[in-house]
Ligand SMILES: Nc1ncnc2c1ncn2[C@@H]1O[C@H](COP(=O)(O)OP(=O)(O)OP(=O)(O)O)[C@@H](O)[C@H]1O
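Before any questions on how it binds or moves, here is one chain, the form predicted on its own, in structure tokens.
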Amino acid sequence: MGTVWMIASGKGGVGKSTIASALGVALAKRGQKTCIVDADIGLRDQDAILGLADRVVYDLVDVANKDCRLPQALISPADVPNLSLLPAAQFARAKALDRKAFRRILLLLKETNDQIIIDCPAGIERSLRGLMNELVDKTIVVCTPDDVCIRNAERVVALMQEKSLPRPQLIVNRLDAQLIQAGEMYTASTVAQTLDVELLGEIPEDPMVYRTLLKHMTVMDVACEAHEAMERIARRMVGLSTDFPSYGAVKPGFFRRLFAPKLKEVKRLDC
């Protein structure tokens, strides 16, 4: 039976869907048969991130309503045959997805896949609560290192505990080593300690993430720091230990500090 991973975040815009797609690709390329379930009903995006938008015929709600069979709704990138996507319904609402039907779909996916990644909607409302059930094996919370996101992530962690889900692991995204060195940004370990959860991985701020999105690619298609960070997280997900780079926690070398661009001081505008 496959492992079901639920990836959630307290707020939107933290990179949850981008991370879910990248981890799906990374796991599939490691030989793990992987399915990404886009469960953000009404705001479908995994098909666009994976370059499969023109391939969608049926979606998650169609399968739940038995308007099609599960294999008819699954689509795969040509270059990653071990990966499949179950798209979200683009013109439906969260209440259109029956909880029992979703559980039935997860059971079918667990029988045919090694890893199932649920890309959850942001927040803690009904759309997220309806996805929570006993078939979820592992949970991940994605957070950026700022007070607003940490506070919202606390609510997600508490909700998962309330629903008797496994204690979540944490991915901290968009870390800037220079800001951490300047004392303006938390380290990933500080965020994990604040939330009292295990740190699964940390991802640096990397412009290549957005550049690949603009070209309808994933960050796993190019060589960059974010790609390497995703690979480390994927290895940990399958039980392989890897090092933590701890962005910003180690003081950079002399020449790197010498030639690093100076941080512009943050000054309040005079009114």
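In this text the structure is predicted, and so the values were computed from the model without any measurement. Numbers for residues come from their place in the sequence shown, where the first is 1.
Below: the form predicted in complex with the ligand, not depicted.
Please state whether every one of the three residues 12, 204 and 210 places a non-hydrogen atom within 4.5 angstroms of the ligand in the predicted bound form. All of them do, each having a heavy atom within 4.5 Å of the partner.
Check each of 139, 84, 115, 173 and return the one that places a heavy atom within 4.5 angstroms of the ligand in the predicted bound form. The option sitting close enough to the partner is 173.
Interface residue in the predicted bound form among 195, 122, 105, 177, criterion: non-hydrogen atom within 4.5 angstroms of the ligand: If I apply the 4.5 Å criterion carefully, the residue I get is 122.
So which stretch, 96-104, 130-138, 196-204, 150-158, is the one near the ligand in the predicted bound form (non-hydrogen atoms, 4.5 Å)? So the stretch in question is 196-204.
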